[in-house]
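Let's start with one chain on its own, the form predicted on its own, as structure tokens.
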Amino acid sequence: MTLRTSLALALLAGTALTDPAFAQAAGTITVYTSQPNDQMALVVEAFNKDHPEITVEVFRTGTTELMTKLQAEFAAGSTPADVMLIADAVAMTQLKNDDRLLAYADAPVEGIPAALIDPDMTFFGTKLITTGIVYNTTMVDHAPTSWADLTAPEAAASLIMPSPLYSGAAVIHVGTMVQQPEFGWKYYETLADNGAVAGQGNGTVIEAVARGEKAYGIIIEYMAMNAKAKGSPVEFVFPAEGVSSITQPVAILKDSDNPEAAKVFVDWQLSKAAQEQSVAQGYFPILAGVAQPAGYPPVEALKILPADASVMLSEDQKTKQAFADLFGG
């Protein structure tokens, strides 16, 4: 090694040790998420193969409970959370409106549909998750094909659904359904009158249907598809009228103690490697060129029910109260 080379390496090492950006893109970040624990363990494992310099601590619960916890921490003065990876854009929009999110103008969003990216670059969709119907194949002779089929007394009497009091996906699904002229609250009133019940999150739905406690469930698709792949006697239906959808957005909290490491985690979430892992976990991808999971319809074949997110946000508490009045909670 020449003297010049030694000096160059020494200078490079010195720069690495003193450059704030380099120094901060390491250490520990805390991710608050609604993604199931078993999946998040694999996400962190894959992330750390590419970024072993960053330790990821995960706190997981349903989106609604996460938001309640976060608001309590804000009121107390601080939160350990650096990154939010939650079910729905409505909750994320609430955080944005409260000036809690960090704008990340340089996030790597090439190939991701513009509709999944916050115009102010504060949060970014990472997946496409739809809600449809699961049924137990040992209990149902004629498979449902539509949301309307669930209102029949014999179907509704054996129907379970997730509650928006626990699940962010349910917030979006109920908020979407009540905006449809052909459904509205009359749809849920009919389900309640005919005996349908609400569980907590989507996990309670797949457990009840797979075990034969209920014949039908309203649920996000990957949980039903994954249960079927593992041998549970269930099938999933994309209803003829269309499906509601969520995008599991990711964002960095404005008061993060480690924003540079948080950006690295967001970058990875938007990468092809993360998208391919999402497909392996049963999610529709959002990145162009990444195929959907085996057995899923092409994304372009899905009929997505329209919904006004601003209305959902403004009527969030009203919607939850109306649902609780019908189904408890």
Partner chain sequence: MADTSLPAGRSARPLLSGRGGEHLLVALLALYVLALGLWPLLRLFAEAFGANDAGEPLGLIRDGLAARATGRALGNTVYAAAGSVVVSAVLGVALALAMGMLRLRGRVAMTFLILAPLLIPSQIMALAWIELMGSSSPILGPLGLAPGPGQTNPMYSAGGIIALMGIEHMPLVFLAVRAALAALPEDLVEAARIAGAGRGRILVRVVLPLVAPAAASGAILAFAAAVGNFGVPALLGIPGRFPMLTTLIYQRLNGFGPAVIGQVAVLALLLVALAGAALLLRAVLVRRAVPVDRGGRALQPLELGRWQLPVEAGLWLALMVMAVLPMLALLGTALVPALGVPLTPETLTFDNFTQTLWSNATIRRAFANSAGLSLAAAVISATVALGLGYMAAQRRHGLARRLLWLTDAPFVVPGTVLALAYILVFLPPLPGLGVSIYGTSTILLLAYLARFLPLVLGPATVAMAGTEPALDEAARIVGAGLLARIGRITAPMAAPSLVAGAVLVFLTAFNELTLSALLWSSGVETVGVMVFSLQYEGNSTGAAALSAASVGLVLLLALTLDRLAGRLPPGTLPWRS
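Residue numbers count along the first chain shown, from 1. From a predicted model like this one, the values you see are computed outputs, not experimental measurements.
Omitted here: the form predicted together with the partner chain. The next part is about that form.
The stretch among 114-122, 99-107, 249-257, 199-207 whose residues place heavy atoms within 4.5 Å of the partner chain in the predicted complex is 199-207.
Taking non-hydrogen atoms only, Met139 approaches the partner chain to within 4.5 angstroms in the predicted complex. For the chain shown alone, Gly184 is not a contact residue for the partner chain in the predicted complex, no non-hydrogen atom being within 4.5 angstroms. Contact annotation for Pro297: none of its heavy atoms lies within 4.5 Å of the partner chain in the predicted complex. Although the partner is absent here, Gln277 lies well away from the partner chain in the predicted complex, with no heavy atom inside 4.5 Å.
Proximity to the partner chain in the predicted complex, defined as a heavy atom within 4.5 Å, holds among Asp149, Glu73, Glu189, Glu235 only for Glu73.
Counting a residue when any of its non-hydrogen atoms is within 4.5 Å of the partner chain in the predicted complex, the hits in 57-72 run Glu57, Val58, Phe59, Arg60, Thr64, Glu65, Thr68, Lys69, Ala72.
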